[in-house]
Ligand SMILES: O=C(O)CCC(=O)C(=O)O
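Just the one chain here, laid out as structure tokens, in the form predicted alone.
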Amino acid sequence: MPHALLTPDDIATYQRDGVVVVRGLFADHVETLRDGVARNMAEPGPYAAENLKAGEGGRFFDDYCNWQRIPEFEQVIRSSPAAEVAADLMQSDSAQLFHDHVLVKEPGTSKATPWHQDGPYYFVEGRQTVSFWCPLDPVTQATLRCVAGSHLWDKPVLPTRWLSEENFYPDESAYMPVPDPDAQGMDVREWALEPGDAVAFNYGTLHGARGNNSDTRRRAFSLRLVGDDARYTTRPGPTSPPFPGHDMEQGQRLREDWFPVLFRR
């Protein structure tokens, strides 16, 4: 039986569309995550970034791979139902942590998060993947936007650098150009969300996010997990996150001392 937060239809939707909403996934952990985000912004990690060019209004902060140094994140990762729900959605017997990610758009930040797939940035191959995007502030205007079915496309979307808009890897021909889902009439899904709700999407799902033109800040916590079929793969350049010194080789499962298994059936 799936976790109580899921129905069989939710799992079928996730498999078919690559995206589904899980209401209340982190509902019992919102304040803890807010405290963790505050700590993260006060003490940024080595991968923290400001994603605005000179003259662009607001602030767009993001940072990742901080769960081992921010106790609030580790507490939520290990005690929330996220790992079991991930295993159900992935139809996997296990759920293994890949990394955490914080994104904050302050009021008046009109810059949108560019359309992209997460998978091409990562050194992970596999169909059994899930990313949870959880707002920590009410999202009455839809913000995260996902293209249904894009996780099943034959060719990955070209990864680019958010600030410079340069190609992330040298071999552009191995990827399809970044599409314009609105102009091309794609099936874009987006939802109004309460703090603690989560959008679950596959690493291959094309997604982006609207700017924050409201008068309140918009904080989000993301958690990325992988399932049974996930394997390390080399890319034509440094990945994001890079995880220097990981010492894994092509085709290996992710090392469990760095990427702990959070749930097993």
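This is a predicted model, so every value here is computed, not measured. One rule holds for the numbers: they count along the sequence shown, beginning at 1.
One more form of this protein exists, namely the form predicted in complex with the named molecule; it is left out here, but the text below deals with it.
Novice: Taking 4.5 Å between heavy atoms as the contact cutoff, choose which of S110, Q91, T113, Q75 touches the named molecule in the predicted complex.
Specialist: The residue in contact is T113.
Novice: Among F60, F26, Y232, W67, which has any heavy atom within 4.5 Å of the named molecule in the predicted complex?
Specialist: Partner contact (heavy atom, 4.5 Å) among the options: F60.
Novice: Are all three residues D118, A209 and R224 in contact with the named molecule in the predicted complex, where contact means a non-hydrogen atom within 4.5 Å?
Specialist: Answer is yes for this spot.
Novice: Hey, in the predicted complex, does L136 get a heavy atom within 4.5 angstroms of the named molecule?
Specialist: Looking in the predicted complex, residue contacts with the named molecule do not include L136, since no heavy atom lies within 4.5 Å.
Novice: Flag L103 as yes or no: does it have a non-hydrogen atom within 4.5 angstroms of any non-hydrogen atom of the named molecule in the predicted complex?
Specialist: L103 belongs to the contact set for the named molecule.
Novice: Flag L144 as yes or no: does it have a non-hydrogen atom within 4.5 angstroms of any non-hydrogen atom of the named molecule in the predicted complex?
Specialist: Taking the distances in the predicted complex, the answer for L144 is yes, it comes within 4.5 Å of the named molecule.
Novice: Looking at 42 to 50, 236 to 244, 214 to 222, 29 to 37, which stretch has residues with any non-hydrogen atom within 4.5 Å of the named molecule in the predicted complex?
Specialist: Going by heavy atoms within 4.5 Å, the stretch is 214 to 222.
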